[in-house]
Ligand SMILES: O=P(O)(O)OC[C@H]1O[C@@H](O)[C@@H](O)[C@@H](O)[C@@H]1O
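Form predicted on its own, single chain, as structure tokens, below.
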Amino acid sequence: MIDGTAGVSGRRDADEALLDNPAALAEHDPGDMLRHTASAGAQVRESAALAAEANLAVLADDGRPRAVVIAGIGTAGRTGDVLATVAGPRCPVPIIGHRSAGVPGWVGAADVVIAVSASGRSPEALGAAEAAHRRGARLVAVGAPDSQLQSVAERARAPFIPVPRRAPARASLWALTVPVLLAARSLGLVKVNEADLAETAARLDADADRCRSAAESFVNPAKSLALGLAGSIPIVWGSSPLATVAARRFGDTLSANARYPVVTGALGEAGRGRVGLLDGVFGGLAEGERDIFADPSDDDDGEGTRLRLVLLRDGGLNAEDDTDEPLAVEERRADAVQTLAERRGVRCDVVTAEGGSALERLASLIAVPDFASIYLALAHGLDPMAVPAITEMKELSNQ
């Protein structure tokens, strides 16, 4: 174990045996990140109920907006990505994520601003809510009850959805996302119905059960994924716009929970350049020098660090939908990159979407990777909740 002067502690090499020891997992997870992550299904149900009490119907009184701006940073900002991909290419108005304080200069009375902050005090969400109020834009706010954000919403006489904060924002993705989706539904921009929410919550519950700490590695998809990633440089690519949102979410959690460097993005975009990583010094060049009979655990001092590809495959939902690219193109591209990885000896994990709606399919691509990032942290002796660098950066930035 290494104890750093800045409160950093952990081990460089993953302890695989620890993942099959529930008591040790609990000891290394004092903030209950596993339990908070397992609450994703409950978050969907709770936030849907809270949004129903917020009288979002008033948003429709002034008709369809010119544009919708989702203001927030980190996990709060990801809610805008989810909304955009669930709304899809047929959405009649642009959905724009805004990750800095204030709002774009063109925002005015014809627009809607949805300000999101798990704590209810992020400068980005607060600045956007105040600017929206000054400019006469319709405002919706999502965040912790009795927070500064709620005060701004009350002054603006805008709907506020009070989402209880029980964990870091990254463990509350679904609690923050559902109110954003339901606000957009009130504006006529998405077709998320109660059945979609119920099925998504059920999917998250089922995946939480499959990924529970008592389930051993050989039957636990999250533990298996974590062990495959251990000691590697992960590349996470999504085969479709929906899968790309999940890929970027996995990058967020791998960085924050497990402290792993990671490359994420859209597979189509990767094919124009980043797929070259498979040929590089951590990819094909390194794999070409590997003894095929050697034990991967024999690599010493990080000299054997290799790429590990994680491919999130969507497979599409409705063939008749207007999409950026035909489903067949996305499928051929995903098959191609798996073949490329195999030819270069780069190991590849595949997570395939399941479900009857875009929201449920997205949930199926996010749930297992969320748990995997936590198990990877625990295998390295890291507390997935307490991230000293995040705390220190906030303190240094706010001096």
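In this text, all values refer to a predicted model and were calculated from it rather than measured experimentally. Note that residue numbering begins at 1 and tracks the sequence as displayed.
Only in words, not in the display: the form predicted together with the ligand, which the text now covers.
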Next item on the list: Choose one stretch from 151-159, 68-76, 220-228, 185-193: the one whose residues place a heavy atom within 4.5 angstroms of the ligand in the model of the complex.
Entry: 68-76
Notebook entry, point to check: Which of Leu197, Ala169, Ile95, Ala258 has a heavy atom within 4.5 Å of the ligand in the model of the complex?
Noted result: Ala169
Item checked: Selected contact from Val236, Val112, Ala118, Leu242, since only one has a non-hydrogen atom within 4.5 angstroms of the ligand in the model of the complex -> Ala118
Check: Even though the ligand is not shown here, does Ile390 get within 4.5 Å of it in the model of the complex, heavy atoms only?
Finding: yes
Item checked: Exercise: Ser122 in contact with the ligand in the model of the complex, heavy atom 4.5 Å -> yes
Checklist line | Residues within stretch 227-249 having a non-hydrogen atom within 4.5 Å of the ligand in the model of the complex | finding: none
